[in-house]
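One chain comes next, on its own, written as structure tokens: the form predicted alone.
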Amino acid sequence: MRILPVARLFFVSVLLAAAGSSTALAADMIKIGALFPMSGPGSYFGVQDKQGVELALEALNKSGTKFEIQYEDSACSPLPATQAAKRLIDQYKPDVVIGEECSDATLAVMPVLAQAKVPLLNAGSSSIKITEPGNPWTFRIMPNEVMQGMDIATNAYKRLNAKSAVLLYENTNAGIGNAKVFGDTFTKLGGTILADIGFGRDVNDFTSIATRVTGAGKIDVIPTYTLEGQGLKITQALAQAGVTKGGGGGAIQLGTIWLPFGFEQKAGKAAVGYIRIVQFDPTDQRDQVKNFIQAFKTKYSQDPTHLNAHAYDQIMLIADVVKRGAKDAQSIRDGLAATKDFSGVTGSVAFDEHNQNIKMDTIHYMETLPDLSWKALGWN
């Protein structure tokens, strides 16, 4: 889907008094740029992100806050993401930018936005390089790959009693980084890595990899780090090879937030027993979460996904900073840096000195049941 800059410019909350002037509008408006992958293998991120953003802006409109947003297609890739960021800066001049989802794309736009002194609020990228050492203008809501990897590996070893693992991952910053952290942590705990298998995004047939996994020995868990398209094929190939629970085997596949809601329905029985982390627990009983779910269903006639939720939280966190007095790029940056107790539908946010959220309650573990529904494991 092609995004036209003008067509995708949305003005929200322009409920001014009759005597208000266009000068007052310009002074009071907060301009948000959105770098979302609307094309390529990660396009599902952009579609769902946009839904969450629009719901948040609609809620803010009713409260009287004034924002506008412009979307650019960053394609989950460094070059188009960089070009999109430059368009936002040169043509739109945002006060804050949200996105990208893929780590390589995020790493590419970080210096561009830092040079322009525009804060970047990220929710989905996991590479440790984004915040270590990072830069003063980039903030991340999601726990990084080290926080995620250590948590998944520890839970696999201690809660699932796993002693052996095979690592499967795409050869990107996020894929390599996540797999390495899991492997290092799992090994230190006493586990064994039976095979370490990376692959390019151009791989479409995973039969040979599944065969290789089959010959690795008794496998307890298979951490998998890839986008939906390849993730679907990997899951089905492993099940067909009789390795995972979905195929009658004993191995439990582990995954991350890279996979969207609805993955299980596409994978079918191959996904049974799959345990993965998501950024949103639809069974959370907080009023804030229940209200979000109801509002989302009312607007879109479907249940919200974790991608919808973390995009929604990005906007609500910006609104919270504005409520605390921020009015331009510098003050929004300073307000984000001072955030210590924000509560969103995905969990809570408290940024450390590297602008990394240190709260782990944005990670929710879900297990796929035989009827393809989820069971919340409540591990965080």
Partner chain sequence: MSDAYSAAGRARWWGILAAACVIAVLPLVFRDSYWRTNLIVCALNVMLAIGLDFVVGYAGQLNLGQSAFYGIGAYVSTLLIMRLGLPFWPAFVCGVVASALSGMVLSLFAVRLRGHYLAIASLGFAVITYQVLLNWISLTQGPLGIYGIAPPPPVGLPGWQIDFTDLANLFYLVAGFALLSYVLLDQLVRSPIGETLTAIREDEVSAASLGINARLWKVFAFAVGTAVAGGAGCFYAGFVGTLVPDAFFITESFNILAMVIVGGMGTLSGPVFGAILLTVLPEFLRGIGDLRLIVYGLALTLVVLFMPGGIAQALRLARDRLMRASSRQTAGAKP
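None of these values were measured; they are calculated from a predicted model. Each form is matched to the other, and the largest set of C-alpha atoms that superpose within 1.5 Å is called the rigid core. Numbering follows the first chain given and starts at 1.
What follows is about the form predicted in complex with its partner chain, which we do not show.
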- Message: Please tell me whether any heavy atom belonging to Thr207 falls inside 4.5 Å of a heavy atom of its partner chain, as the geometry stands in the model of the complex.
- Response: no
- Message: Is Ser164 part of the interface with its partner chain in the model of the complex - any heavy atom within 4.5 Å?
- Response: no
- Please check if Glu72 has a heavy atom lying within 4.5 Å of any heavy atom of its partner chain in the model of the complex. yes
- According to a 4.5 angstroms non-hydrogen atom cut-off, is Leu189 in contact with its partner chain in the model of the complex? no
- Go through 84-92, 273-281, 226-234, 135-143 and give me the stretch that gets within 4.5 Å of its partner chain in the model of the complex, heavy atoms only. 84-92
- Message: I need to confirm a contact call. Of Thr185, Thr131, Asn173, Gln148, which residue comes within 4.5 Å of its partner chain in the model of the complex, counting heavy atoms only?
- Response: Asn173
- Task: Consider the chain as shown here, without its partner, and state which of Ala241, Val289, Leu113, Leu107 has a heavy atom within 4.5 Å of its partner chain in the model of the complex.
- Result: Leu107
- Item | Residues from 194-214 in contact with its partner chain (non-hydrogen atom within 4.5 Å) in the model of the complex | Asp202
- Item | Core superposition between the shown form and the other one, C-alpha change of Gly42 at least 2 Å | yes
